[in-house]
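Single chain ahead, by itself, as structure tokens, in the form predicted alone.
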Amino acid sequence: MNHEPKRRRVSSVTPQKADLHIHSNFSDGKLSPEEIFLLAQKFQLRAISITDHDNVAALNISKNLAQQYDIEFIPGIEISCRKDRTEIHILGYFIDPDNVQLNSYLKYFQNERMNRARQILHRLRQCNIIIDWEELKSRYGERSIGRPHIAEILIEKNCVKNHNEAFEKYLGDDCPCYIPKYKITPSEAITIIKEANGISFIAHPGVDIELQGLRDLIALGIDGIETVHPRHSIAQIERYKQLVKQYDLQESGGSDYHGDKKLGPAMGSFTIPYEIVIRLTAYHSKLQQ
């Protein structure tokens, strides 16, 4: 029996769509790359990008799945940064997951992330909550271990009812078990993405970036702005589209899907027209010439 997935037939009448902000279980998402491609096929997405947090482990696997499922795949990443006291995320598209400079940064970042997780567990012990480090590492060893993973175990141990309570009571900023995350600057993130032959985008600016902050990032040489995001209002989407035109930038967008309704909207619920992917591909190709 043939177990190969059926080829997706896209109707010429149906508008072709793309979701360029998806997280797999190699960072803080719930689904494997193959499960993501199965859903992308179900929702008739023409193109997707997996943009795990500071992690590229899903990308080479996904390149093979893209051929198998006949879905265009853009290798991506979401890099955590800090500007002054503001946390900023920079999306990278078309990156080379085998790039030496990129992997050197990611290795250092993963070590820092592990150290942070250990410190959080130490503080939890001071609150009489014992989480074994080996248990955490064995369960999430291939992922970018972070607070959401620790929150899951707190829920399992009946220490809290849900993720919100875990962050409000223990893990959130200024809470008893909070440890600051290691962050690079947006300028450094843009450079890392460029060295990996990628293009850089401001992720979900409507979440925490003021207009002047956006202009500062544009001045650093950012390639584009994520205009479409679940946490953007219609007015914000229009404002960011105007900035894209004003500064001759590119645009992207997606669902920021994590594989769980509790963590956000479903894949494909926030999409961009496939024509934008065509423009992004042409723009990236021109830069590589």
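Counting begins at 1, following the sequence as shown. These figures come from a predicted structure and were not determined experimentally.
One more form of this protein, predicted together with a small molecule, exists but is not displayed; see below.
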{"query": "In the model of the complex, the residue from 169, 116, 194, 123 that sits within 4.5 Å of the small molecule by heavy atoms", "finding": "116"}
{"query": "Answer option from 239, 30, 53, 232, heavy atom within 4.5 Å of the small molecule in the model of the complex", "finding": "53"}
{"query": "Per-stretch contact check against the small molecule in the model of the complex, the hit in 207-215, 90-98, 156-164, 123-131 (non-hydrogen atom, 4.5 angstroms)", "finding": "156-164"}
{"query": "Close approach of residue 82 to the small molecule in the model of the complex, 4.5 Å, heavy atom", "finding": "no"}
{"query": "Distance check, residue 46 to the small molecule in the model of the complex, heavy atom within 4.5 Å", "finding": "no"}
{"query": "Partner contact for residue 148 in the model of the complex: the small molecule, 4.5 angstroms, heavy atom", "finding": "yes"}
